[in-house]
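Encoded as structure tokens, the following chain is the form predicted alone, with no partner shown.
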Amino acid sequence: MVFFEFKDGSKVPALGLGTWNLTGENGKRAVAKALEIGYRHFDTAEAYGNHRIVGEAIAESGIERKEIFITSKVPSRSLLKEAVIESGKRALDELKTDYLDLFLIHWPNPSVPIKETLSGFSELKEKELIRSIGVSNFGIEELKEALKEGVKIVNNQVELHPSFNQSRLKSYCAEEKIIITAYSPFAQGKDLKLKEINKLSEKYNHPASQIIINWIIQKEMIAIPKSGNEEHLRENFNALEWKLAKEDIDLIDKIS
């Protein structure tokens, strides 16, 4: 497994499983299969309604909690301090865990002062209920406002893929030592059909999905592709076994 280190010292697996839309028994089986394959990073959210099945699959795997990295998110409707704290505690209860490795603001909410929201996150961290603090779907201006509060924000989870590479946001986050997590890394399948990606797939004799995952991770970002399909889960995980040449990373950078 490849790991990155957040600026607060925590380590995070560079590849995780996105669990949006993985619910019920099928979702639980997908998480269990991912654990069996070797995934140790799981991304969920209150809005996904699947905390319980993710927690059950992890508990039933027999893998020690410290070996697994769990990310969850507080919804934008719950960004007042007490609501943040309640959301965090509810996530812990549903996931059957004592702490979250990473807790994110799912979407910014301009009607709630960011200072108010981050005070709830800070209290959760002080009580050791969360390890790291992050955001999701934040642009540069929203990040600037959040960083003014002096809270150590280590992660920004955003949509990112070759046809939408978020280069300006990536540069700003790098300056602030904020690691990006890329969700929808395949653009819901559209980027798997890009001619540049398919040419590289032929060159390396690896699937298009692995080309994209490699590109993301080699640019020091976290990838969280979602799949409930065992073949795809294995295919995505096996992207960690090899690397793209720099000139091919540069080629993909030029797609967007």
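One rule holds for the numbers: they count along the sequence shown, beginning at 1. Values in this document were obtained by computation on a predicted structure and should not be read as measured data.
Not pictured, yet referred to below: the form predicted together with a small molecule.
Undergrad: Judged by heavy atoms and a 4.5 Å cut-off, are 184, 224 and 227 together in contact with the small molecule in the model of the complex?
TA: Yes, the whole candidate spot contacts the small molecule.
Undergrad: Please identify the residue among 166, 137, 119, 76 with any heavy atom within 4.5 Å of the small molecule in the model of the complex.
TA: By the 4.5 Å heavy-atom cutoff, the listed residue in contact is 137.
Undergrad: May I ask you to check whether residue 106 falls inside a 4.5 Å heavy atom distance of the small molecule in the model of the complex?
TA: It does: once the small molecule is placed as it appears in the model of the complex, residue 106 has a heavy atom within 4.5 Å of it.
Undergrad: Please check if residue 209 has a heavy atom lying within 4.5 Å of any heavy atom of the small molecule in the model of the complex.
TA: It does: once the small molecule is placed as it appears in the model of the complex, residue 209 has a heavy atom within 4.5 Å of it.
Undergrad: Is there a heavy atom of residue 37 no more than 4.5 Å from a heavy atom of the small molecule in the model of the complex?
TA: Taking the distances in the model of the complex, the answer for residue 37 is no, it never comes within 4.5 Å of the small molecule.
Undergrad: Heavy atoms within 4.5 Å of the small molecule in the model of the complex: does residue 32 have any?
TA: Flag for residue 32 set to no.
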